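Form predicted alone, single chain, as structure tokens, below.
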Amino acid sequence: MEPSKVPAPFLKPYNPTEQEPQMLELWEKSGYANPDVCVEKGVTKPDAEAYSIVLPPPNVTGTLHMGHAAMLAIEDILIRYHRMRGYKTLWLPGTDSAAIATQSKVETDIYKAEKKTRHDLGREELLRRIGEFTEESKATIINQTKKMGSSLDWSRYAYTMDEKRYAAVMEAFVRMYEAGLIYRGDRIVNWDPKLQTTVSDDEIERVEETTPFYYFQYGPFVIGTVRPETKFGDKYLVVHPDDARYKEYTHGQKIDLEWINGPITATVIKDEAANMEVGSGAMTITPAHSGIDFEIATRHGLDIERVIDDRGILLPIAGEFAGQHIKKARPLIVEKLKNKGLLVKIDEKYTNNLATNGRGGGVIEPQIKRQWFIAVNKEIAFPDGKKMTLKERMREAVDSKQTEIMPERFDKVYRHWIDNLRDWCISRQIWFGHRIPAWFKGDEVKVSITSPGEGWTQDEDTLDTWFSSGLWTFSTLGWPEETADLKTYHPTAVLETGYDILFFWVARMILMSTFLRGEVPFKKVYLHGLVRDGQGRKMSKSLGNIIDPLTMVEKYGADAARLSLIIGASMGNDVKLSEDRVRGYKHFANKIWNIARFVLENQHDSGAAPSTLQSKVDGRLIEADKVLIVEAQKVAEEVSADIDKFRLDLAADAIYHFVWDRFAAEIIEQSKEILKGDDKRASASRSRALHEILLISLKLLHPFMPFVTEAVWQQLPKKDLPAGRQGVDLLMVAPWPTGGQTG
């Protein structure tokens, strides 16, 4: 092909801003992200093995961040690779309501604009406004997801609050209640005084702060605390049964001592929860405001008395401090104890991990509340006939390798978390969410999807977002109906997510799927690390080091942004990202473009390029060129093996270095003299070899850099498509190069 006949786009540098929207349109119009279309158009065999991933749904409150971008890049690589390998491939998209965060944001915006609370508006009006907000947010995040090149099947899009998912949540609740797994009771929960709701353990965010740690004289004992405001209710002194320092004291022994508001009688409790290695080894407990203290009190049948109300105000038990907010009262309480000679010392530089609501920002105040819980230690019969507790089933799923966690080191972390799992509080005192299908009439309670009849009032509470998210792998495929999708694509092939939500989401999905489906939700769990800045710091607004993936896409292209998140990012390990790193991979996209232009400029015009090294082709290639093609095919084998082992970082690195260092820097440079030489057979053979290596390279690069590779593919002469594949108009469904064959 003469230089003048090179397709027009190659006459100027690669421009991702121009090319990427065109490629997105081509992919969307093709429908190839839908496995049904692939079967219908003959690019996938009807009986092909299924490969499915359900997208971890981004929250509708936000926009795409680098963690999302890494997740999308990894999952799209796996999906594109398996689609090209001929699997019946489904990547199912969706978004999450993020109920607490969403309602909190909308309420805050309303109050800023109108000085009105949700109670001023009423439930119906608030939900209407939240609906408007979520629709706008959904559209934003879907558009951003598409810009990353994510080949999701949008025809199957799901939203945790849509009608089908709502039906699934109601069905799950009723089934679990009828099995005795869901109960209503009074237990210690995470309470957010700011939002006036319970918060899941999964939503607790620990904020490190330097705070004073106080040591007080409690009769003959020294106790320590960061929260002196809770100590009004402390009338039990707990020590370990084996602590030699306190062997003279007996369990249940009474001790008279002076405390905050005067003399009290304390009771010694011997319990293994006391840590002999920390401080004096002695501690007082506030059972109404601490999970550990509540468990100790429950074990020993101790009195439980509230000290702080739902809004963080001290109750009458605090005497002269009653009615004050705990923050205001704290220094005054310390001062009183000091004046009474009970303050031993203060550690001013104590590092405390303060529990906050990660969805709303409020400081968590443990409280005893009547809530709905899932019992994790109750033995039940599962659909497959096994009898065990939910905790045992959740552990068995991983122990038996029905679900394999990668990297393997997170196995132990998962098991440790399961062993320490407590009953899951699933009710929330907010209005946005799946309303609990429980009905009250006086003291009567009935659980049903529809109202039992006249006189019954539905529970005002909604369900924890993680309850609906726990159903995600199968509710998105049509459960509770036994749909064709459910039978074909469940369990899903892999769940890919950040290691920071291993326990919260992964474990919840295993819990829900094993009980409601009798099978694990996914065969493998691939955990990616956090995306940090170039110095290894966590990205945050306060540090001013946040890198916006959409900004990177606009400046350098989605391919560059994707590759920057993959190369060097091994499973479960954090990746350092800087703008310079992204910019460097934009140069690689340009290099691919220039390689393709060179190959087309020097394309021999005597027929189609070879697709195999069978005998009919051998005569058209000299031995040296056969060797070059075999070399490229060995790279294909290496890349395939790495992807199969989920070492996407190694796969990307291998093809990157082959294309840049070997193909461009050596093979093409060495070819220039051959192509210009007088030996026509050698020139034609090398031309065909370069074309073949280009085809292999484009296919291997496509899962990692879909835009530039598809843009190049679209400029290849259609007559040069591999024999028998003239119908393959898009690279995204071209066959993967395996077994000495590119197509």
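For the two forms, the rigid core is made up of the largest set of C-alpha atoms that agree within 1.5 Å on superposition. For every residue, the number given is its place in the sequence shown, counted from 1. Not measured: the values here are computed from a predicted model.
The following text describes the form predicted together with the RNA, which does not appear among the structures shown.
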{"item": "Contact residue in the predicted bound form, from Phe598, Tyr159, Tyr166, Trp456 (heavy atom within 4.5 Å of the RNA)", "value": "Phe598"}
{"item": "Proximity to the RNA in the predicted bound form, single hit among Lys634, Arg206, Arg370, Arg128 (heavy atom within 4.5 Å)", "value": "Arg206"}
{"item": "Proximity of Glu669 to the RNA in the predicted bound form, heavy atoms at 4.5 Å", "value": "yes"}
{"item": "In the predicted bound form, Gly224 touching the RNA (heavy atom, 4.5 Å)", "value": "yes"}
{"item": "Contact of Gly281 with the RNA in the predicted bound form (heavy atom, 4.5 Å)", "value": "yes"}
{"item": "Non-hydrogen atom contact Trp660 with the RNA in the predicted bound form at 4.5 angstroms", "value": "yes"}
{"item": "Which of 184 to 192, 109 to 117, 339 to 347, 563 to 571 sits within 4.5 Å of the RNA in the predicted bound form, heavy atom basis", "value": "563 to 571"}
{"item": "Residues within 4.5 Å of the RNA in the predicted bound form, restricted to 407 to 437 and counted by heavy atom", "value": "Arg409, Lys412, Val413, His416, Asn420"}
{"item": "After fitting the core, Thr351 CA displacement of 2 Å or more between the shown form and the other one", "value": "yes"}
{"item": "Large Cα move at Arg206 between the shown form and the other one, threshold 2 Å, rigid core", "value": "yes"}
